[in-house]
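Quick heads-up: it's one chain on its own, the form predicted on its own, in structure tokens.
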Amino acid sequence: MSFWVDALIVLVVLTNLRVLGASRLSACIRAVAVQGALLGLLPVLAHLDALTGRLLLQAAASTLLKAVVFPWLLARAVREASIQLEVEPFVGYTASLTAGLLFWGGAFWLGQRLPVPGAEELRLLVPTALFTIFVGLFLIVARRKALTQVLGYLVLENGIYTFGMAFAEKQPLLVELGILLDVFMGVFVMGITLYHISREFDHLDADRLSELRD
């Protein structure tokens, strides 16, 4: 079981690097969708010897929202708003990947000092969660398009969600589903906002929005 858990964690790390290095919005959306599917499967594999109906429900709801609903809403926003498919970052792709490697080094260093108690097979979980949070924050501040910043918000939430996986059996189900519902509403509202911004100003460059005057 530990091998498959570690393999999924490595894949989550690779999806973060994929988002940092991708030049197309569609590739970024697919990478975030894959990451959501992996995170939905991870708690099931991590607690395979103690599966409960609540845990399976949590995994199914998480996978449905993160891997299907959120990417579909974002892809629909791209189509409806006729958004240019290039990411157009403030920070270049090579520099972004370099920053990602530094983030992983820092996350691994911090994660070794914040171990998950009683879960040796999840020793890479905390560094991965920190790394995902760092990548999400980086996408929010280092990308030009509002849609890419929404993706950063989703990656950030994935990192926060990852922290709870080691304690999935102890978390109240209503709290978990409430968090997912909040994220769902956030993405839904963001999608509507993106559409109206694009229709009104013919672009989604966040830096140009700061130049608006009365």
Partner chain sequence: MSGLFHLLLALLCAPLLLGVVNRTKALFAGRAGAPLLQPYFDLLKLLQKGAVYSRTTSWVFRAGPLVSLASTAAALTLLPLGGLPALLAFPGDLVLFAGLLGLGRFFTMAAALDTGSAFEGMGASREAWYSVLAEPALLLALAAMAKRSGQLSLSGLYAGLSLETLLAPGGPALLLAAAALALVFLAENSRIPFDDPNTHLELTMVHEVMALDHGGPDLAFIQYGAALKFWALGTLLTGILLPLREASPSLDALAGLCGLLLLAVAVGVVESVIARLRLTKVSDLLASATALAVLALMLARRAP
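Everything numeric in this text was worked out from a predicted model, so none of it was measured. Residue numbers count along the first chain shown, from 1.
Beyond what is shown, the protein has a form predicted in complex with the partner chain; the following relates to that form.
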Contact flag, A142 vs the partner chain in the predicted bound form, heavy atom cut 4.5 Å | no
Examine L101 and determine whether its closest non-hydrogen atom to the partner chain in the predicted bound form is within 4.5 angstroms.
-> yes
Consider L73 of the chain shown here, and say whether it contacts the partner chain in the predicted bound form, taking contact as heavy atoms within 4.5 Å.
-> no
In the predicted bound form, Y93 touching the partner chain (heavy atom, 4.5 Å) = yes
Taking the partner chain in the predicted bound form and a 4.5 Å non-hydrogen atom cutoff, the residues of 12 to 36 making contact are V13, L14, L17, S23
